[in-house]
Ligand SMILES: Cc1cc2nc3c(=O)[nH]c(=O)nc-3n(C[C@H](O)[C@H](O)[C@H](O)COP(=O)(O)OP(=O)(O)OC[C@H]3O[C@@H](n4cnc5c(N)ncnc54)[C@H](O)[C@@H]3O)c2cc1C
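Next up: a single chain in structure tokens, the form predicted on its own.
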């Protein structure tokens, strides 16, 4: 028997978990939530310091980019979560909303409802902040947000002092009145363990709602389209394929999977679709376009004078945002990581013997594209983020390294710094630094933009996140972000989904 829902959500990651929870609060709605993976069962997921070691496991989609000409022709691994909770089960747990001006591009693309001021109530509604409720924070939401007050690694403490010593005043809280400066990272952690968005929004009492059905290990192939509506979708399990129908469908499968589902459904660039023998139902070249991501370079590595103690949190305990000219969005970021971090191009020192100042660009200009390699839903896409293809990104990356070195060589770091290992004190020429960055750059795990908000002819969805060309299909996830925020994107995605749930309930 065909299953039918009032609203069918594809993807149980951050956005999908929020939507399923909030929409199922209305008992008159039947809600379906489809996830390609299963329920988390790896105990390492809950351990905050284990996050770098989760990549490549069975619940990672294990995507990788095409070779990138401006990063030494390297292919970059792109971990994405394939389980309930999605990539919030893999990421580093830093909770950063971004600078208020980051959302100006969202307003230009989708209207005033996407301004920072309009989203602030949703940021606050989502969180249970360790410091209690105030003008910037909520204390009654599902998602625990811990701003550490004790237990920071002594290297992190020295780094925060070093940033202040070079004249960068700390803000105290990246999610408070301003983002600038080095402060402890706010973390989605509860009782010392990772809190995925699914942990927060889909506890047992929500899962037990009679109007919510969660289907795991189900791979969505494509939408079934009739005229200007999608009547349902084709889905596959290990044993069978079936059509699941719905009055409304919400794609929340992420910046990689959501555009792939649309393209397999015949929604995209007609030339690209024809290469895979897919008939074009809706001509929209913006599907899969505008792909961008934050890069961090790994990194400005220092040998320590003495053993670096282990982290009480998640290894990367503080981000430094800088370069906004006092009130604007930051240009660069430096992350203090209390273990050595390098790419495959370098050999890492022993853990405990070194620490890393990773550095990167907050607002990359480079844009790439995602395309299909096959109409088979199991086939990997071509992911080409065009990393560092814009000269401004390369020059801003040099600024970021300069900032990392300034902090790393400041007096408060003297008791920890034995020597700079990477890139090494002799490397000063811009061309040599560019070559180092090309070898040291790696994803910050924030892909966005492939179903961007924007008007017909430019975007994929409108300001209500409804798909152009279909009356009952919506996209709610990182793919709709037109321009990336300054930092980690998960906080913004949660707020986006909170607002989208209200819009869907009201429509």
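Positions refer to the first chain, counted from 1. Treat the numbers as computed from the prediction; the structure is a model and nothing was measured.
Another form exists, predicted together with this ligand; not displayed. Remarks below refer to it.
This chain is displayed alone, yet in the model of the complex one of 407, 257, 179, 361 has a heavy atom within 4.5 Å of this ligand; that residue is 257. Although the partner is absent here, residue 110 is not a contact residue: none of its heavy atoms lies within 4.5 angstroms of this ligand in the model of the complex. At least one heavy atom of residue 36 is located within 4.5 Å of this ligand in the model of the complex.
By the criterion of a heavy atom within 4.5 Å, residue 385 is excluded from the residues contacting this ligand in the model of the complex. Contact check for residue 300: no non-hydrogen atom falls within 4.5 Å of this ligand in the model of the complex. Contact annotation: this ligand lies within 4.5 Å of heavy atoms from the stretch 78-86 in the model of the complex, the single such stretch among 155-163, 328-336, 432-440, 78-86. Contacts between 88-127 and this ligand, taken as any heavy atom within 4.5 Å in the model of the complex, involve 88, 90, 91, 92, 93, 94.
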